[in-house]
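Just the one chain here, laid out as structure tokens, in the form predicted on its own.
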């Protein structure tokens, strides 16, 4: 019940800033149109492999719409701010697990972003670009599951980034490093199979493909649900890390050097 209340409160808080968030949604959709235009130009005299021009338009557009579920989460789940203000000491004193509390709040935020950012951007691309839609109804189920798991994986990543603020006065740079690596290794703009061989190896050894590449491939019906096993595996690993590092945090809490 507590976690549902926290999620609901986070969702309600975001409703107060719908006007501001509308500008972000418009800007995000415009970036998507730019990326699509680039690939249309590239595919003017190329086949673009198994995707084709239409496939790449759908690939890039769907990736752009999903960014608000898989990449653009609250920086460090707000832990850096909590450390600077000292709020983290109170959070750790409460009889609830810090990771569960922050995760619940973030799910409320993600629900808001799904309804007010992801869905509008996706529908805009469907209407304006005519992007592909799954032919089999069950594909929608696997796509939603893939995105839900990707969202949870991203929550874990942001939590681990935020926890670093307990050991350093500045952890925000890790957020930008994560975004940069995600842009490069997740298949956001370029399918993994088109990356240089060594970079493909690096990418597939990380969790990044399960944030963007795999959900999009499932949506385009180029992959089956079997690839979700990798996502689930990474979710389990990251959960263990989040729970384990929280135990360390409880033993060492340093707020502004105090």
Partner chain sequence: MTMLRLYLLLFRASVRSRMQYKLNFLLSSGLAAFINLMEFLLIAIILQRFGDIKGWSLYEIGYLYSVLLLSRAIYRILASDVHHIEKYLVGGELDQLLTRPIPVLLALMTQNVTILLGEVIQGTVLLVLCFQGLLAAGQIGWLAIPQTALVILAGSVILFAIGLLSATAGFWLTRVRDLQNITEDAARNAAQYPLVLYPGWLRMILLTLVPVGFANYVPALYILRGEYGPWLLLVSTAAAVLLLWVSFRFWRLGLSRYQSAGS
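For clarity, every value in this text was computed on a predicted model and none was experimentally measured. Positions refer to the first chain, counted from 1.
FYI, the form predicted together with its partner chain isn't displayed, but the following is about it.
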With heavy atoms only and a cut-off of 4.5 Å, decide whether residue 204 touches its partner chain in the model of the complex. no
Answer with yes or no whether residue 97 is in contact with its partner chain in the model of the complex, where contact means some heavy atom within 4.5 Å. no
Report yes if any heavy atom of residue 90 sits within 4.5 Å of a heavy atom of its partner chain in the model of the complex; otherwise report no. no
Using heavy atoms and a 4.5 Å limit, would one call residue 189 a contact residue for its partner chain in the model of the complex? yes
Using a 4.5 Å heavy atom cut-off, are 81, 104 and 247 all in contact with its partner chain in the model of the complex? no
Would you point out which of 154-162, 69-77, 181-189, 133-141 contains residues with a non-hydrogen atom within 4.5 Å of its partner chain in the model of the complex? 181-189
Listed by sequence position, which residues of 26-65 have a non-hydrogen atom within 4.5 angstroms of its partner chain in the model of the complex? 26, 27, 30, 31, 33, 34, 35, 37, 38, 39, 41, 42, 44, 46, 48
